[in-house]
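Form predicted alone, single chain, as structure tokens, below.
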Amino acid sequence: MAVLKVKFTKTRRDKLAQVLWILNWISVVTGVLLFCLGLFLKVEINKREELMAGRDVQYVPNMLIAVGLLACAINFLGGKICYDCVDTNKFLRWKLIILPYIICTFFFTFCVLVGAVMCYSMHGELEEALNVGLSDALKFYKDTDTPGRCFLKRTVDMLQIHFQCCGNSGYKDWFQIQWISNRYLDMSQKEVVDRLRSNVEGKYLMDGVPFSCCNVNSPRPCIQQQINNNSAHFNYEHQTEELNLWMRGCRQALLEYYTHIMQSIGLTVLILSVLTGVRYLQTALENVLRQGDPDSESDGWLLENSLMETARTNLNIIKSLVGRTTPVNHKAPPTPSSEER
């Protein structure tokens, strides 16, 4: 018994073919967008490669690029098939190709689903890479004279300004590191010397942040130094001055940014709907050919038999194919003895 059988008139078959043609071209455009999205994500990851702690997370943008290209090719072919299927005679050209096309598209859709799962599973790995990478970048912020690290100050400042964030998890991360180079500290001042001596590791720690942490929406001039000291500033309460600095950490900001780019599972739903429609169109047109009347009604279905019968039939086909390809060992005839000769 056919699974999900639907009766189609000629008008309904033509409308189905036209709708599928449109959906295939929408899928082609979606594939182009997905390809561009993969390229954009690849560029964005490369731009902040030094903040990834040396982790390789390029497999996701590479997967998006490959899926976008395959989606363009598969749906372009599907659009051509659906366009020709309006005419029963033209359908004969594609009769032997449609079923392999449906099978290939099904496996492609499965790959897209796997890719979507990979995008979501990348969340933890990306968060760990950003956590380590940003922590190192904050530590090396002051090393503007060290080869290989001299660019990190600009990178971190631009990151905090562009994403409106501060520190790794928050602005207090800057309190735990020395982010001002010793060359810019006045060693003749007792306060500076005492602060260096008070730290076990000899670091100059303070409750201050770089200028790039300042919130441009703050109604007052930004307070970067002595952030926790209310008496150092007029009419100031650091626990209520949320507009003074960016409250969000840069790890969270970058994680949300990359996760938003990688949300491409909508393509899978579109491909599945097109795949279902093409299967209905194929079976309906094959039944029209059997009847011999192109204007007659015909049945369309997803599976000609039940799910168990279809699985059993396909399993038997696979077994027969394997049996044909398995070499048969023929025993050589025994050599006649001298008496038999």
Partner chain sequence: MVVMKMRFPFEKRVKLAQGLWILSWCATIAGATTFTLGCILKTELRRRAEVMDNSDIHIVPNTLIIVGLASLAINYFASKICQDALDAGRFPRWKNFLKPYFAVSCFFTVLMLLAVIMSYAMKGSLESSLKIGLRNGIRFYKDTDTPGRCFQKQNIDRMQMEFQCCGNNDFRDWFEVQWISNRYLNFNCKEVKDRIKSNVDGRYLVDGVPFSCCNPSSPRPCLQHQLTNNSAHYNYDYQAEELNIYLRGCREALVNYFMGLMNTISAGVLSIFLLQGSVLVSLRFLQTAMEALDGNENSEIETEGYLLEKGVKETVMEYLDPVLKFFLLKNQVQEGMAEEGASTASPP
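Positions refer to the first chain, counted from 1. A quick note: this is a predicted structure, and the numbers were derived from the prediction, not measured.
FYI, the form predicted together with its partner chain isn't displayed, but the following is about it.
Interface membership of C214, defined by any non-hydrogen atom within 4.5 Å of its partner chain in the model of the complex, is confirmed. At a distance threshold of 4.5 angstroms between non-hydrogen atoms, E201 is out of contact with its partner chain in the model of the complex. Contact annotation for K190: none of its heavy atoms lies within 4.5 Å of its partner chain in the model of the complex.
Contact check for W179: a non-hydrogen atom falls within 4.5 Å of its partner chain in the model of the complex.
Among the residues P100, P219, G124, P147, the one placing a heavy atom within 4.5 Å of its partner chain in the model of the complex is P219. The partner is absent here, but in the model of the complex a heavy atom of D186, alone among D186, E242, D194, E237, sits within 4.5 Å of its partner chain. Between 151 to 159, 252 to 260, 126 to 134, 72 to 80, the stretch whose residues reach within 4.5 angstroms of its partner chain in the model of the complex through a non-hydrogen atom is 151 to 159.
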